[in-house]
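The form predicted alone is given below as one chain in structure tokens.
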């Protein structure tokens, strides 16, 4: 009897944690998004969200950032993970150096890249000292949204690629070495081993890494706030503005529900497209 109850007892702390810190706050946010202060169900806060002039821009920039940043990070993390897995010496040191950005917060990463791109920053200093420019340039000006977008992309790629790298390195470590040895015996080159062995067997890890990274990409805020302020509106930035600056918690909850919906859709998409043959047969 005790052995049957043991798994449930072990799951109880995690279940209570999820109920207390996820399900309960979710219910509160959903209620704020769909109900007035008097408790009347309504969709007016979603109408207010959609009709705001910043909504389309915030949604576009959020999706565009995810579409640009995540593929770059997938390619980089796959390359870096493959290189780390193939190293005989110095593997731990290289992996440690590449994962240093994991210890840096979103805001700190944004401030680091702000120090690079601002007028008195590192990039202007280099260009001026080498004689490429005669006076400091304004890279993050109000009108130059393209440069702000590029700066955010660079900061996000630098900051968050390590998240995917750690997951993929662990996934590659689970692939039996005998597969690669057999492929070498039959004359498979590096690219063939990568496409025929690594990628197919890395699907579960790649699925996890993509789901986690895409969800975080939809929640980007601090890096954008540091580099662009309100010049580059994103959905999470609108949540913050509505909640803390405009004191409009209902519309902020509507934005939060939209982010949750997009995250759920992306999660289902990656779970479907990257499912293993065993999962596909179920």
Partner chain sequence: MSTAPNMVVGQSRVARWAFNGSVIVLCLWVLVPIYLLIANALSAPSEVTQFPKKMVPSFDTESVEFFLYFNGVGKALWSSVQVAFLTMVMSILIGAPAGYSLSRFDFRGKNAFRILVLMTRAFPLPLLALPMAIMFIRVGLDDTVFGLALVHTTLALPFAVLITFSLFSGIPIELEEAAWTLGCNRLQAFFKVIFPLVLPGITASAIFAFVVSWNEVFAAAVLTIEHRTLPAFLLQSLDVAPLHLKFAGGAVLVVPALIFIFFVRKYLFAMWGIANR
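Note that the structure is predicted; figures quoted are calculated from it, not measured. Numbering follows the first chain given and starts at 1.
We do not show the form predicted together with its partner chain, though everything after this point is about it.
Peer 1: How about residue 125 - does it come within 4.5 Å of its partner chain in the predicted bound form, if we only consider non-hydrogen atoms?
Peer 2: Looking in the predicted bound form, residue contacts with its partner chain include residue 125, since a heavy atom lies within 4.5 Å.
Peer 1: Is residue 193 part of the interface with its partner chain in the predicted bound form - any heavy atom within 4.5 Å?
Peer 2: Heavy-atom contact with its partner chain at 4.5 Å: present for residue 193.
Peer 1: Report yes if any heavy atom of residue 239 sits within 4.5 Å of a heavy atom of its partner chain in the predicted bound form; otherwise report no.
Peer 2: Residue 239: yes, in contact with its partner chain in the predicted bound form.
Peer 1: Can you check whether residue 91 is within 4.5 Å of its partner chain in the predicted bound form, heavy atom basis?
Peer 2: Because a heavy atom of residue 91 falls inside 4.5 Å of its partner chain in the predicted bound form, the answer is yes.
Peer 1: For this chain shown on its own, do 62, 132 and 146 all sit within 4.5 Å of its partner chain in the predicted bound form, going by heavy atoms?
Peer 2: No: no residue has a heavy atom within 4.5 Å of the partner.
Peer 1: Only counting heavy atoms and a 4.5 Å limit, does any residue of 213-236 reach its partner chain in the predicted bound form, and if so which ones?
Peer 2: Residues within 4.5 Å: 215, 219, 221, 222, 225, 226, 236.
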